[in-house]
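Okay, so here's just one chain, in structure tokens, the form predicted on its own.
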Amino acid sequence: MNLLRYYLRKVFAVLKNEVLVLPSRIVVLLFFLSMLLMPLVVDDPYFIRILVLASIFAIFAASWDLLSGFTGQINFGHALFFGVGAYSSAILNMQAGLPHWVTIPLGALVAVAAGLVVGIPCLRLRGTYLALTTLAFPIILLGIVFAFPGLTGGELGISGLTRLSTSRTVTYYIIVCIMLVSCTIMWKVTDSKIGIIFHAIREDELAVKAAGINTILYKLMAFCLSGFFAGIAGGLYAHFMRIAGPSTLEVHMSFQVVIFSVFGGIATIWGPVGAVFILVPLLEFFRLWPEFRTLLFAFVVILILLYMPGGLLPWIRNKVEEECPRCKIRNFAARRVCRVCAAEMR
């Protein structure tokens, strides 16, 4: 009982001193709570399905940002990791008879291997050359998929995968909890020493090398971590949709994840996640006007990129929060003195 009281006091202290002091953290807390409580409030299968798909693509978008946003290794073929995770999970499930709680992690590990396959030859490439080279890999894999229809199902893909659960609510909680945990881990990685080195590589790789840091090792680490989480997303997608097909490797998947990241804010992790939960429901809403759906979506994206080039969510955050000129800690914009060092705000 005393132990429970101790942890409750600790949680309350963290909420009071760390979370409830900034609007952005309050929004994140409300997002976590709303995602966990949503099935208790809404019972519409269509709405739940949209949230599940958004959760899967949130992992996918955050994994791209982990690689391209933080290290500057622009990857236009990120669908490779997603497709490898989906196909690996499907083959292991259908051919080996393994359950989904085994096939999804194994599919993610295969995606890590794909990250090494892509990362090693791309280590010396930068900019346009890197982007075009990464774009070629999912196209190559797509050709391999069509070349071995007995294993991959060819154009029809692999269907009939086992469900994550027979209950819609349980399936929702499995995917949403994996999304929340995965995105939190990615955010913690970028907020650690590793994330600082990733960021430094993006800004000036030569200076990082001069400091004695092995940039090759860290870039390969970024490819592997990104591949792992994208593979998790691909495995979840395959088991949720009960099919792994060529659509998981198509070029539009790679560019879609870039749009999510740029729209929400690159090099933030939470930006792409927020963008997914804005754009995926928005796309579904635009189904009311199917002939204008793509046009309306493009108009919204272009509008954001023109007037908020840093991304929608960082723009909103900068409007409601301000950085202290002395200690660089973020504060609510309405504060006159810093909450940490008591310096006067601008």
Partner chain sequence: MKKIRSYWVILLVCALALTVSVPAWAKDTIKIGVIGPMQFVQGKGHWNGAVMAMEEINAAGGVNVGGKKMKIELVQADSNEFLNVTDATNAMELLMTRHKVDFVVGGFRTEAVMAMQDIAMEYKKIFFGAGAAHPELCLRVAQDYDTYKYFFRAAPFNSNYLVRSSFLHLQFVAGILKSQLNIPNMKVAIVAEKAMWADPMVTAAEGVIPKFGMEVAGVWRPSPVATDVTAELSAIQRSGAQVIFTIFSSSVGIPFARQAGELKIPAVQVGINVEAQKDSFWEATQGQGNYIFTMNTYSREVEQNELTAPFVNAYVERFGETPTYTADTYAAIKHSLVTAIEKAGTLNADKLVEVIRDQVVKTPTGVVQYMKDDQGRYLHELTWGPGYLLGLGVQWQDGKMAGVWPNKFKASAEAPEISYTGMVDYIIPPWVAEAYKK
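On a predicted model such as this, the values are computed, not experimentally measured, just so you know. Positions refer to the first chain, counted from 1.
Heads up, the form predicted together with the partner chain isn't pictured, but that's what we're talking about next.
Contact between R163 and the partner chain in the predicted complex is found at the 4.5 Å heavy atom cutoff.
Looking at D204, you'd find every heavy atom of it more than 4.5 angstroms from the partner chain in the predicted complex. Contact annotation for S159: at least one heavy atom lies within 4.5 Å of the partner chain in the predicted complex. Although the partner is absent here, K188 is not a contact residue: none of its heavy atoms lies within 4.5 angstroms of the partner chain in the predicted complex.
Listed residues Y129, W101, F255, F146 were compared with the partner chain in the predicted complex; F146 is the one with a heavy atom within 4.5 Å.
Exactly one of the stretches 33 to 41, 313 to 321, 299 to 307, 280 to 288 approaches the partner chain in the predicted complex with heavy atoms within 4.5 Å, and it is 280 to 288.
Contacts of stretch 43 to 68 with the partner chain in the predicted complex, defined by any heavy atom lying within 4.5 Å, are made by D44, P45, Y46, F47, R49, I50, L53, F57, listed in sequence order.
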